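Below you'll find only one chain, the form predicted on its own, shown as structure tokens.
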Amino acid sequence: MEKILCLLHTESDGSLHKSAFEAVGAAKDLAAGLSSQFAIGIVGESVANAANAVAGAGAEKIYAAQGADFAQPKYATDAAACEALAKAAGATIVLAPATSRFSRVLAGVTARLGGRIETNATAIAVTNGKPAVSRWYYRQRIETTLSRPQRPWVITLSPGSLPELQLAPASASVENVAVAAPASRTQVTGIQSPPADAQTIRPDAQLLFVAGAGWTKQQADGASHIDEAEKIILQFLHQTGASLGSSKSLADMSGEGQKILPFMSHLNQIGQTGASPRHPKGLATCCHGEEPHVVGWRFISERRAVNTNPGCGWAQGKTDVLYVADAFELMRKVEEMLG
């Protein structure tokens, strides 16, 4: 019988990110499909609140590797904690969210355990009595389903690809696992981050707003209005809390010596050579909907676009709604409505 462990880590305030509840839901469904039990392992400085948050999931046990050594993400301590939790649970299958903290260490942990790892899986199910995971390859153009006989099998789950398990907080019983934390030369002295308004990439946003090269081109009056475009876009992001994406053509303009939107970089790029984000809704403006760009929208639930050309790529069945309009004028009206 398979022994399933769902590995989680706390956030800086001791809570759990929503990707943790996605992983717990996947572990619960997998255990039900295999007629097995599952356990939860949590890494963090103090896991009491996190354990209470998942106590209602029906896990057989909740293990914890907690203490000051695990307050900050560090490879040596996180790897030791994950290895100890997997061994304590006797896990043959380990599920974990593909967060930056776990993605950094779980390949090494798998090697220590003598197992195999699958990263960024988007689904897991039971097929013919065996667990099978789905993954995307070639820039999310090819989806595969695979299984492995080797154990332990470590699987990281791509955040946003699975439903979030809704749980009411309850009182949890936690079994602490002793971890021989190795000496670390890494010292975390603080965290530097940009102001909230300066951060344009927001993975948890409800809306993805994508700007294309049309924002920097000549407009109906024969002149370009990049300063106004910057004001409109940033104001919309501020009002809605949306995440900002870019077409490849707009991101590439910085290397061509052309005047660009100063807050835009290749990190914002969406598409075949960029990111494939997951947001409930998406709005594309001033981009034409070419296939290399649209492939990055594969996991957006509701897609809308604004373009002055009714025959653009977005109109070819690639968007739910196409607004044939001038993006400058339309977005000004939207911001008036938003107040």
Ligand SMILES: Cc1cc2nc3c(=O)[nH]c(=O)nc-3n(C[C@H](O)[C@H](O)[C@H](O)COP(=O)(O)OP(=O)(O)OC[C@H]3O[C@@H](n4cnc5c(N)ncnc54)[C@H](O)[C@@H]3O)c2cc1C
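All residue numbers are counted from 1 along the displayed sequence. No experiment lies behind these values; they were computed from the predicted model shown. Here the rigid core means the biggest group of C-alpha atoms that line up within 1.5 Å when the two forms are laid on top of each other.
Separately, the form predicted together with this ligand exists; it is not shown, and the next lines address it.
Put simply, G212 is close to this ligand in the predicted bound form: some heavy atom of it is within 4.5 Å. In the predicted bound form, this ligand lies within 4.5 Å of some heavy atom of K217. Contact check for R278: no non-hydrogen atom falls within 4.5 Å of this ligand in the predicted bound form. Mapping the unseen interface onto this chain, T308 counts among the residues with a heavy atom inside 4.5 Å of this ligand in the predicted bound form.
The stretch that touches this ligand in the predicted bound form, counting heavy atoms within 4.5 Å, is 280 to 288, out of 63 to 71, 34 to 42, 280 to 288, 49 to 57.
Residues S15, C82 and L95 are none of them found to lie within 4.5 Å of this ligand in the predicted bound form, as judged by heavy atom distances. Checking T119, S161, S249, T110 against this ligand in the predicted bound form, a heavy atom within 4.5 Å turns up for just one residue: S249. In the predicted bound form, the residues of 319 to 339 lying within 4.5 Å of this ligand by at least one heavy atom are, in order, A325, D326, A327, F328. The Cα position of Q219 differs by 2 Å or more between this form and the one not shown after fitting on the rigid core. A movement of the C-alpha atom of E329 reaching 2 angstroms or beyond is seen between this form and the one not shown when the two forms are aligned on their rigid core. A displacement of less than 2 angstroms separates the C-alpha positions of Y63 between this form and the one not shown, with the rigid core held in common.
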